[in-house]
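First, one chain by itself: the form predicted on its own, in structure tokens.
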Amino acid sequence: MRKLAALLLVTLAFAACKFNDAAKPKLPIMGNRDAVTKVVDGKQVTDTIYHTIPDFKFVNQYGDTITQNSLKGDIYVADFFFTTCPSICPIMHRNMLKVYNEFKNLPDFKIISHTIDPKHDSAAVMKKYADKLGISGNSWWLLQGDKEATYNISQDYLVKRPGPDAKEIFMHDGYFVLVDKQKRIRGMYDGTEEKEVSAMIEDIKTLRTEVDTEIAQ
């Protein structure tokens, strides 16, 4: 009888664990997706191919070359800015500092900020900007590179393509884009709003607990 009771307790505990795993919140996967059918072991299998961030090559504030391989195994947040921005960038990066301070000691998390004014924002200029913000180490990279490549990749992040207005003042969205370890977009947040940034911090914590690499949507 005792053995039967013990077996029942183990079974219930296992079932509870499975239920808890299923009940854990999972973030959506954003962007377009395609269904691809292939034959595996003689059977037709349909996979979902999600929108992902493509390969890129930029230089950070230390003069180091940064590619997608530099972010392998990392969750990261991306945004677009320029160092002389007089409007939303200072607000965005004050808010991003909260994210940086929360996660800067984690080995699998990064922040990358793409400058949309690479002609002015050299590695040296970005390093001074980083120093002024209090950024150090390799948790937050400010990235500079080919202007057209930067503007193109903004669309891969599902944000509006930057561009100058009639007065030649750079215009850009203020979104923070959350990207998972498979380079899929899992959330977009208004970087000028403290509440949205706080929500993103919680979503980053949620994303770090995900076990499944493919999530049915």
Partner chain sequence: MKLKVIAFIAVLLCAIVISCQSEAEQDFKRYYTGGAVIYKEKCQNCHGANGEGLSALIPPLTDTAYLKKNKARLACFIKYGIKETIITINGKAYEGSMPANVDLTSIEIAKLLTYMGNSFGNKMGTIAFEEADADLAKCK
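Residue numbers count along the first chain shown, from 1. Here the structure is a predicted model, which is why all the values come from computation and not from measurement.
Keep in mind that the form predicted in complex with its partner chain is not shown, yet the notes after this line are about it.
Undergrad: Is residue 133 close enough to touch its partner chain in the predicted bound form, meaning at least one heavy atom pair within 4.5 Å?
TA: The answer is yes: residue 133 has a heavy atom within 4.5 Å of its partner chain.
Undergrad: Report whether the minimum heavy atom distance between residue 147 and its partner chain in the predicted bound form is within 4.5 Å.
TA: Outside the cut-off, so no.
Undergrad: With a cut-off of 4.5 Å between heavy atoms, is residue 129 one of the residues that contacts its partner chain in the predicted bound form?
TA: Contact with its partner chain, yes.
Undergrad: If we define contact as a non-hydrogen atom of the residue within 4.5 angstroms of the partner, is residue 107 a contact of its partner chain in the predicted bound form?
TA: Outside the cut-off, so no.
Undergrad: Each of 31, 33 and 48 having a non-hydrogen atom within 4.5 Å of its partner chain in the predicted bound form: is that the case here?
TA: Per the other structure, none of 31, 33 and 48 touch its partner chain.
Undergrad: Mind listing which residues of 61-86 have a heavy atom within 4.5 Å of its partner chain in the predicted bound form?
TA: Result: 86 alone.
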